[in-house]
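Only one chain is included here, represented as structure tokens and corresponding to the form predicted alone.
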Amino acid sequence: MSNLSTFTNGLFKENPIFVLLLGMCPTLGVTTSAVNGAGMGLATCFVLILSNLAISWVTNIIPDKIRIPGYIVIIAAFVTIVDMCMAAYLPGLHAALGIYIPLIVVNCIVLGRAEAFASKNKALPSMLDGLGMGLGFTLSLTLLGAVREFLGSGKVFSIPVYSEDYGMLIFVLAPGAFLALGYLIAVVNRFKKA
């Protein structure tokens, strides 16, 4: 598998949200706006890239009996860095994302890529896999957040597009996340078949 296909798998063929349907908790929880989706996606992308790199380096050192706990400790270290940096430099976004930042540790995308890819490959392909999956996750969350924000409040990235009076409140609330995600998955599946 080439480095380019390793990178593009996460964007299209194995998109974590629209194809693999992984990481639904933050997907549905934080995408009330495009900014929140982008922030969560970029935080997860950072963790994916660096944890994949670190795991590819230490995979032969960690005994099989403690492999998963070892991976979780590595992932938790990078999540702690993201959490502390966001709290210091982006307090508004940090407050909006809340508990979902620490939950990156147990996000099935991150742990799944560590187990399925990083533990079996060298550093560069592992980093590219993390970058591809992370960017695919970021783009998906940003798109979902933009759709929900547009339909719910008439804005995209907090820029007014139409009057908020015409927004559909359901898309800002939890049920709107399911509706918007379902329609976006249907659109993605339609384009994949074409």
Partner chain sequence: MEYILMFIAAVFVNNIVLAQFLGICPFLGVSQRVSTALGMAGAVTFVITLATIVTFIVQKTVLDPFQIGFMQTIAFILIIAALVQMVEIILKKVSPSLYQALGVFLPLITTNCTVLGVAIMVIQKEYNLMQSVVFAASTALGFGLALVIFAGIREQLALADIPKGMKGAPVSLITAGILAMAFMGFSGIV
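These figures come from a predicted structure and were not determined experimentally. Positions refer to the first chain, counted from 1.
What comes next is about the form predicted together with the partner chain, which is not displayed.
Contact annotation for the candidate site: C25, L103 and L173 all lie close to the partner chain in the predicted complex (heavy atom within 4.5 Å).
Contact with the partner chain in the predicted complex, defined as a heavy atom within 4.5 Å, holds for exactly one of L111, L90, A96, A123, namely L111.
When the partner chain is considered in the predicted complex, V73 lines it closely, a heavy atom lying within 4.5 Å. Interface residue remark: T80 is counted as part of the site for the partner chain in the predicted complex, having a heavy atom within 4.5 Å.
Residue contact with the partner chain in the predicted complex: G167 places no heavy atom within 4.5 Å of it. Contact annotation for S2: none of its heavy atoms lies within 4.5 Å of the partner chain in the predicted complex. Residue heavy atoms within 4.5 Å of the partner chain in the predicted complex occur in exactly one stretch of 47-55, 131-139, 65-73, 158-166, and that stretch is 65-73.
Annotation for 162-182: interface residues with the partner chain in the predicted complex are I170, L173, A174, P175, A177, F178, L179, L181, G182 [heavy atom within 4.5 Å].
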